[in-house]
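Given next, in structure tokens, is a single chain: the form predicted on its own.
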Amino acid sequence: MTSVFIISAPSGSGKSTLVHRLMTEVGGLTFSVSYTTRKPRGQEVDGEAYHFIGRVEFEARRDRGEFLEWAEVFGNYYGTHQDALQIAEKKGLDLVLDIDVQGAAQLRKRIPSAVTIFILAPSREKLEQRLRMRSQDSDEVIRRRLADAAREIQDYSLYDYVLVNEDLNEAAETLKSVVRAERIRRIKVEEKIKPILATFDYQADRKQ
């Protein structure tokens, strides 16, 4: 049974770094590479960070119902293709999704069993500092990201877990612990417990 882990965070909270740590340090996971209409940044490679496609193609895929979720953010589309879940199920892997609060809200309805995790920076000041250290955005874009963060943070109570990324190593260990604990909690009785019970001779044990 494939478990789905939805991870959301305001831009600059360290989500990408934490997800990378999770994927490299915990086995049995596969990451869903989202589709987007925005242009690649820096050293981003198509098919790794994102699948980069045009707006017309994205809208056509959306209209055909190919996306599990989609949203428009800063004038660009982002979406999770339904193939991501189907491939994970065929391979017997758990699926990790890195999506914003809009997409997470859609997926909660489509996959009620999904585990949702929200990542926060320890303060607005720290978030702004991290955004500026990336040197990717103008002052106007940073202000807009901070305003969006203020709105997104209000949805924290809708998530199963809230993780404050103050110390990267500690946050990474917490994220890995959440995934491992949820896997244990979700193990089917039929898959793990019944074979163990079958090794006991209940009638013989009752007589002793």
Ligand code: ADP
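Residue positions are given as counts along the sequence shown, with the first one as 1. On a predicted model such as this, the values are computed, not experimentally measured, just so you know.
This next part talks about the form predicted together with this ligand, which is not shown.
Among residues of the shown chain, Arg124 is not one whose heavy atoms approach this ligand to within 4.5 Å in the predicted bound form. In the predicted bound form, this ligand stays beyond 4.5 Å of every heavy atom belonging to Arg108. Among heavy atoms of Arg134, some come within 4.5 Å of this ligand in the predicted bound form. Shown alone here, Asp167 lies within 4.5 Å of this ligand in the predicted bound form, counting heavy atoms only. Contacts between 1 to 26 and this ligand, taken as any heavy atom within 4.5 Å in the predicted bound form, involve Pro10, Ser11, Gly12, Ser13, Gly14, Lys15, Ser16, Thr17.
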